[in-house]
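Only one chain is shown below, in structure tokens, and it's the form predicted on its own.
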Amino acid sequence: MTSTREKLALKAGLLFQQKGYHGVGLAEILQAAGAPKGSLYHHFPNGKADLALAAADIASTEMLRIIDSSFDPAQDYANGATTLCYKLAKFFDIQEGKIGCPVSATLLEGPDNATFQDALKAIFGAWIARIKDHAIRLGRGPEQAEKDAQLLFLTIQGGWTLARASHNSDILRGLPALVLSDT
């Protein structure tokens, strides 16, 4: 059973992905979560800012799970990267192309403060590090693995934005051909 705290963070995260941090009000989040106003400040004393950080943390944990489930069974780096892009394309389709990156839509568009910037940097760093770890496990040297992980991350971020603007998940499916052309 999902706790009220988790339900608020999950619903807020989805709304932030759809509308951006500033495009969502607390009343809308409370209504989507089916939670009373008092529960928001009970679980998130700083209101929307704390809620955004919790939502980004949940989204990051899910992204790390998707990265692992893409690379764990892979025979090589190219297979893992391709699987990751296809999984993200499927998620994009399920959401009908209406959502942005679950973390940048929340934290980049949120208040311009060091807490949000530090959280975003840490989350993106963790994603890149996880891809790098898989690349090393699959036979890449540390320097090449770092380069490959950064390239894949950057390509996915840009690809997601272009897919959303074009309403076309095939852009995400086509990313491996771009990043793996030299492998």
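Residues carry their position along the shown sequence, with the first being 1. No experiment lies behind these values; they were computed from the predicted model shown.
There is another form of this protein, the form predicted in complex with a further copy of the same chain, and it is not shown here; the text below is about that form.
Interface membership of Leu151, defined by any non-hydrogen atom within 4.5 Å of a further copy of the same chain in the predicted bound form, is confirmed. With a 4.5 Å cutoff on heavy atoms, Phe124 counts as touching a further copy of the same chain in the predicted bound form. For Lys147, a non-hydrogen atom is located within 4.5 Å of a further copy of the same chain in the predicted bound form, even though that partner is not displayed.
Residue contact with a further copy of the same chain in the predicted bound form: Gly13 places no heavy atom within 4.5 Å of it. Checked against a further copy of the same chain in the predicted bound form, the candidates Ile66, Leu120, Ala32, Ile136 yield a single residue with a heavy atom inside 4.5 Å, and that residue is Leu120.
Here the chain stands alone, but in the predicted bound form its contact with a further copy of the same chain, taken as any heavy atom within 4.5 Å, falls in 151-159 among 66-74, 151-159, 35-43, 49-57.
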